[in-house]
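Okay, so here's just one chain, in structure tokens, the form predicted on its own.
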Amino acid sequence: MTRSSIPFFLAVLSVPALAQKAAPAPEIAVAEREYYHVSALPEPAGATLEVSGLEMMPDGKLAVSTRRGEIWMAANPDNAAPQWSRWAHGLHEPLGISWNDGWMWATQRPEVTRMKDTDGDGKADLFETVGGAWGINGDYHEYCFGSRPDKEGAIWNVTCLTGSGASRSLFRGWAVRVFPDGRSVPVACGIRSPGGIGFAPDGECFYTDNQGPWNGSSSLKHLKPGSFQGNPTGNNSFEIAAQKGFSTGELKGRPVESQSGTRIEAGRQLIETFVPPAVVLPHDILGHSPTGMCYDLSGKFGPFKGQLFVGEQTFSLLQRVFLEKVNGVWQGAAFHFLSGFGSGNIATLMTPDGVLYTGGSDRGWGAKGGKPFALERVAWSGRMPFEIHEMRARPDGFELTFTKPIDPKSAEDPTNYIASSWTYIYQGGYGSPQVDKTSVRIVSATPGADGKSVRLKLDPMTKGHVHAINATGLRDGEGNALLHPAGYYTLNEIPH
């Protein structure tokens, strides 16, 4: 059996060799710890802490949901020995928790639930179903990931397909918004296998989707209301919903049938509501299975305030993403950030104090970290890493900014940069190799007057391609190389 015929989350169990391709070299992993300290939180005695959701409580406790259906509370989570207590159990694989309006909200496989401890004994005793229009049938892959509340208090939920490649339950491969009053409103279709969901600071919703049918590579996608996300498998729910009297909400009708063997750009031209991946996370380069995400709004997590951090399950990593909107479409660049976590990261949480918590498990999927589950804390050491800070598209190339002043002589030498671009086949088969590869010439490199940027003129710029820029020859003012020299930009639109 070839790998392309195996469902994705099972296939990763057999690829330990590929793990070395996506993870930074060991010496880079050691260097990363100079800037970001990673410490493991001891788990509760006798518990299987397969982390599936994280939330910081008003009293300073860290709430941790698990794939086993429990919610634990850790008092003093920054302490070497946090005090644990089990707050709830008996849930159906919650993948996303949040605290709002005096309730704990959780997205379970079949529904959004809210819970409360009414008698103050430290255990939830009131459980209420809020809503959830999607169906389940017992298939292993019918996961459902939930967001934190949006500005209207609604939870956004993204549902996995049945068996990763079919849709045998209502609204499988859809996004459904559940309001506090119980309304369930479908907002998007075309999803395959999400791994996490969250909001940008401006309230726009994004989710991660995994490589597989109609997904040439894993990616971060913009959940625009009324959109088609590219995978037509779940479109049968338009007919099922009509038969059962369910509303399809923000979606006005079934999208035009996708054409296999083309490219994403062709899909956009054919299907009016098609929203392309905002940021492709190149398969085998940045990982295999992106998961939960969080933004740093604190400014206390190093130089990346306003940027997004994305978990990676298979390779036990965190990646960093810079987003921008060009011609009304979201796109941006992805970078390696931090490696060497204990298990497969699923959930992430950034606190107002600039501490990032992440955790997960390897059950059913496999993970490079080697542990069956883990919960870890990441804090900035205060030292400034030399990194590409932002990578912005320009009409004829890219503008790169950096976290530290750069050496102008190395910055202005075009031979210190390597550029290439490629795309993926948009097809019903499993994933895609890199195709339409293009050698990109660095025409010129012009350092900025600010001393921390460079303008790269490229030939050609190809709409719809991932553009990789590797600045291996660039040095900072002290002669140091970049910690992570490569950025991968998804060029959905070329600026006017």
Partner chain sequence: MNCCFPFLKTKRLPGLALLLASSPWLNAADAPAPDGQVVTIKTLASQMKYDIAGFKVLPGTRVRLILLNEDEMPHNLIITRPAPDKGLALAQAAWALGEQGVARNWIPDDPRVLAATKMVGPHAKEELVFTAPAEKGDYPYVCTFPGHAMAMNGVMSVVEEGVKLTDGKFQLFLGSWVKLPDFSKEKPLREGPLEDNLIGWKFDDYKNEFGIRFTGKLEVKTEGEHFFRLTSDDGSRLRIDGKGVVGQDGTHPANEGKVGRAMLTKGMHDLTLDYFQGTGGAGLFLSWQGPGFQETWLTKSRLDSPMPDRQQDENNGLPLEVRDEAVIYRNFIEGAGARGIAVGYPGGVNAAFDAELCNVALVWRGAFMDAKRHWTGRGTGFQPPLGFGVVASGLNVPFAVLEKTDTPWPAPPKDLPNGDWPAGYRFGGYVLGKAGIPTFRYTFQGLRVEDHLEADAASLPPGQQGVAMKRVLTLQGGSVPAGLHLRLISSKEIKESSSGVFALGEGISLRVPGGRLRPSVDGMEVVVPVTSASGAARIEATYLWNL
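Everything numeric here is computed off the predicted structure, so don't read it as measured data. Residue numbers count along the first chain shown, from 1.
One more form of this protein, predicted together with its partner chain, exists but is not displayed; see below.
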Per contact check vs its partner chain in the predicted complex (non-hydrogen atom within 4.5 angstroms), the hit among 325 to 333, 89 to 97, 259 to 267, 281 to 289 is 89 to 97
For this session: State yes or no: in the predicted complex, is some non-hydrogen atom of residue 134 no more than 4.5 angstroms from a non-hydrogen atom of its partner chain?
Result: yes
| Applying a 4.5 Å heavy atom distance criterion, does residue 202 contact its partner chain in the predicted complex? | no
Taking its partner chain as it sits in the predicted complex, is residue 233 near enough to touch it, meaning that at least one heavy atom pair lies within 4.5 angstroms?
no
- Query: Are any of the heavy atoms in residue 152 no more than 4.5 Å from a heavy atom of its partner chain in the predicted complex?
  - Reply: no
In this chain shown alone, the residue from 272, 396, 117, 139 with a heavy atom within 4.5 Å of its partner chain in the predicted complex is 139
Answer key: of 143, 309, 357, 304, within 4.5 Å of its partner chain in the predicted complex (heavy atoms) is 143
Taking its partner chain in the predicted complex and a 4.5 Å non-hydrogen atom cutoff, the residues of 362 to 388 making contact are 363, 364, 365
